[in-house]
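Below sits a lone chain in structure tokens, taken as the form predicted alone.
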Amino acid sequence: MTTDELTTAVPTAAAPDRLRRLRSVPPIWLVLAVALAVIIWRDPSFAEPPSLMAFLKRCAPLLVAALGELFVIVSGEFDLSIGALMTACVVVAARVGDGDPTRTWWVIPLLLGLGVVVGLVNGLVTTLLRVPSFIATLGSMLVLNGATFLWTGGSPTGALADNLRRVGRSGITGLPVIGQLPWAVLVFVVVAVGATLLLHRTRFGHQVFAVGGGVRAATLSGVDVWRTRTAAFVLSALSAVIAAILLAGFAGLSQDAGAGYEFQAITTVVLAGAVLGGGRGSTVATVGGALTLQALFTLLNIFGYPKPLRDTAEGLLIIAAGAYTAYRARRSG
């Protein structure tokens, strides 16, 4: 082979390799790139580092909640209670803390304890009583919403302490280029890294995938199904508590602070390619899903569309993402 023929053959052989690498990239990241390009086209200031940091800070509660939801969905179940739990956490923190910074140090453990209780109830009702998780967590959502309404009389009282809100609304200031690095961004990076290691690099994570892939096969392999699924529900509830603390930071006290987050979290996970029947999912793709969903909401706001249209778009997204995931599953056998 001559030198010219060799030079021509190398790029030809390298082209399929580049195409295979491109196909291996989760589609959600390509959608995110397109969405961000359109946002920057309409609003060039969005590309400035401070604006990007503000965008990531807004994404943080959804991202943390979605990562918790991912564990439940990969295990083959649903958790519809996270939005109501987030609202309850914000209301409890304001009512019990009453704006006193000295109370924050025991208010946060109280909220985490509430999350553990809700997660355990959801998990045990689903696994031991064999109530479908859709029904069990829907019931938990109604119980939490009703209890919160009765406790507050429909109008939350108290105040969120400044040191509690600092996590969600402030950060490390005086940094070059970006100006401020929000604490919320650091929190979701830590949660994302921890979730990735737990789901993809530990025995527990492998058990979650095994249970979602097939309960009988997982049982025959020695996996304790009810413990694994209950632990997934507890992780989901704890993620909702962390998301509520971040949300309270920049959104403040509201009687519907977490409304809709359960559906946004499920939409995020489905957009990321997780199978609703369980057995497949990725934390890295879920991060891309959360960023993409928030970017699409930002686009709708830029174009001046009202919130009802945003809800419609979210519904269409989850249908389209679910159809695409089912199509890929059929193609892969």
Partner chain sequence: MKTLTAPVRLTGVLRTDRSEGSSRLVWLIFLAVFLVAWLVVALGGGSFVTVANLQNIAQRSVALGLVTVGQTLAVLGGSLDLSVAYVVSLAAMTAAVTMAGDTSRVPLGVVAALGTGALAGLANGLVITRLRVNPFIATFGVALILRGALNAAFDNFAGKVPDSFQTLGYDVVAGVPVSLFLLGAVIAAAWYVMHRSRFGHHVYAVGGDAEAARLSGVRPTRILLAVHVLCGLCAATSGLFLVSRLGSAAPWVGPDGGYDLESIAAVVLGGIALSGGKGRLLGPIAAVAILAIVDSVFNFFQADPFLRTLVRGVVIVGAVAVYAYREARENA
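Numbering follows the first chain given and starts at 1. Here, rigid core means the biggest group of C-alpha atoms that superpose within 1.5 Å across both forms. Model, not experiment: these values are computed from the prediction.
Omitted from view is the form predicted in complex with its partner chain, to which the following refers.
Proximity of Pro50 to its partner chain in the predicted complex falls outside the 4.5 Å heavy atom cutoff. In the predicted complex, no heavy atom of Leu160 sits within 4.5 Å of its partner chain. Its partner chain in the predicted complex comes within 4.5 Å of no heavy atom belonging to Leu186. When contacts are judged by a 4.5 Å heavy atom cut-off, Pro101 does not count as touching its partner chain in the predicted complex.
Note on contacts: among Val287, Val31, Leu296, Ile266, the single residue with a heavy atom within 4.5 Å of its partner chain in the predicted complex is Ile266. Residue-level contacts in the predicted complex: of Leu175, Ala147, Val193, Val117, one residue has a heavy atom within 4.5 Å of its partner chain, and it is Ala147. The candidate spot formed by Gly113, Leu124 and Gly279 is out of contact with its partner chain in the predicted complex: none of the three has a heavy atom within 4.5 Å. The chain is drawn here without its partner chain; in the predicted complex, the stretch among 234-242, 136-144, 82-90, 207-215 whose residues come within 4.5 Å of it by any heavy atom is 136-144.
Core-superposed comparison between the shown form and the other one: the CA of Pro306 exceeds or equals a 2 Å shift.
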